[in-house]
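Only one chain is included here, represented as structure tokens and corresponding to the form predicted alone.
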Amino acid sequence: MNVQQLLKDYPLIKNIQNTEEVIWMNPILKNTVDALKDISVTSDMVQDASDRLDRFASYLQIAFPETEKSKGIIESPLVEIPAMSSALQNILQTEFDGELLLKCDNALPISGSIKARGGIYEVLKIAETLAIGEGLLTEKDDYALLASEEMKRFFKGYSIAVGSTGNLGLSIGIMSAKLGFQVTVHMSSDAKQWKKDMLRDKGVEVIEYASDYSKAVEEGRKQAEKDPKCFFIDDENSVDLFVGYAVAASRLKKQLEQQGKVVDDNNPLFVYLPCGVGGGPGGVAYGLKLLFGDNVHCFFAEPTHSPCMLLGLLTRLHENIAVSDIGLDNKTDADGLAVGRPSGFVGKTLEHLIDGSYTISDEKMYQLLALLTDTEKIQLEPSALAGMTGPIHLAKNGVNLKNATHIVWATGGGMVPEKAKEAYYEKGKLLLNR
């Protein structure tokens, strides 16, 4: 890797090396119609995923009674956060136009994070494919029958593996174990101990690695290759994960309509998505572009020490560059975002669709965590605050935000134990009051 040449070609890398908070606006952004022509993922694939999730609704109500109220649909609230908006502009001394909302994936049932979308979807698709292949299920059946002991015994003959920094492992581990699969989650050193403990309590085998996310994924992939009855859920390259996340867009569109929020040429939508390897935010961004076209503007948000997707998009090297190549340590308290190398699949899919990417320090994530708790009584985990500075960055860069709707995607926090929540808040409060 010729870092000196990269610095010459992309001067922003110097600021990234210095762990400064930066914003990058995509110079090769295309209009949506043209960009979609070159993408292998289609709207039909997203609709197929949505239909599959609907088929599983009756099963999910039985397996997870907390989904009864939503009739087995795994969805989260969209809430206005006006007090946070005022406080954010005040503390960061920058005003922006438009209304600020929070998409509360921290409140998603089953696993309390955005990973309940793609991760659970891919497990359900594997289960459906196996059951139909064995003649135990048809698409016209009531999928509640999947909760039977007979089906659990059948699924016990198969295993599922995944590499994770935390939340994807939680979602896949909880769902797979509930169906009856044998599950192994390969976890990196960045993963929080409480997440590992929770998985073990649910009968999931957790294998820990001293190195980072990429090593955990690599080892998980190796395990699956040795066992024909093991399915590896690949956060870096999975189309099924991607389309599972993309279903969120049509659900969000309905919520906006129900709240009377218009998205058109004169009323743009800006969406800020915390980003690790890229699957979750990439899928959501893709789904939004399918529905709203050029009227939605999607931005990735990453820790200053782990901006792998920004680096991949900026240089167009995608998975062929890692943050360590430019001297960054990939150390962040935003554990779900502690990824050193981006998904090449996601980067190449979105390189003409994503509007930009920016970084945020761990310190600021903690400060905003405390601020959100104080102003809106909403508690998240640090990584879920990464999107919160998006409107500030755009306002400082002179982006026209007139009549805008801003949505910060709160990616997780629902499963955090109370003691950990208190520790996050206290740390944020100390940093706010310095």
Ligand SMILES: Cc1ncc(COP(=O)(O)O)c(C=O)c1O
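Start at 1 and count along the sequence shown; that's the residue number. Keep in mind the model is a prediction, meaning the values are calculated, not measured.
There is another form of the same protein, the form predicted together with the named molecule; it is not shown, and what comes next is about it.
The named molecule in the predicted bound form comes within 4.5 Å of no heavy atom belonging to residue 173. Proximity of residue 216 to the named molecule in the predicted bound form falls outside the 4.5 Å heavy atom cutoff. The named molecule is not drawn, but in the predicted bound form it has no heavy atom within 4.5 Å of residue 119. Residue contact check for residue 162: none of its heavy atoms lie within 4.5 Å of the named molecule in the predicted bound form. Heavy atoms within 4.5 Å of the named molecule in the predicted bound form map, among the stretches 124-132, 316-324, 334-342, 253-261, onto 334-342 alone. Of the listed positions (114, 243, 187, 288), a single one reaches within 4.5 angstroms of the named molecule by any non-hydrogen atom in the predicted bound form, namely 114. Note on the partner interface in the predicted bound form: the residue among 360, 298, 277, 233 having a heavy atom within 4.5 angstroms of the named molecule is 277. The partner is not shown here, but in the predicted bound form the stretch 365-395 reaches within 4.5 angstroms of the named molecule through a heavy atom at 381, 383.
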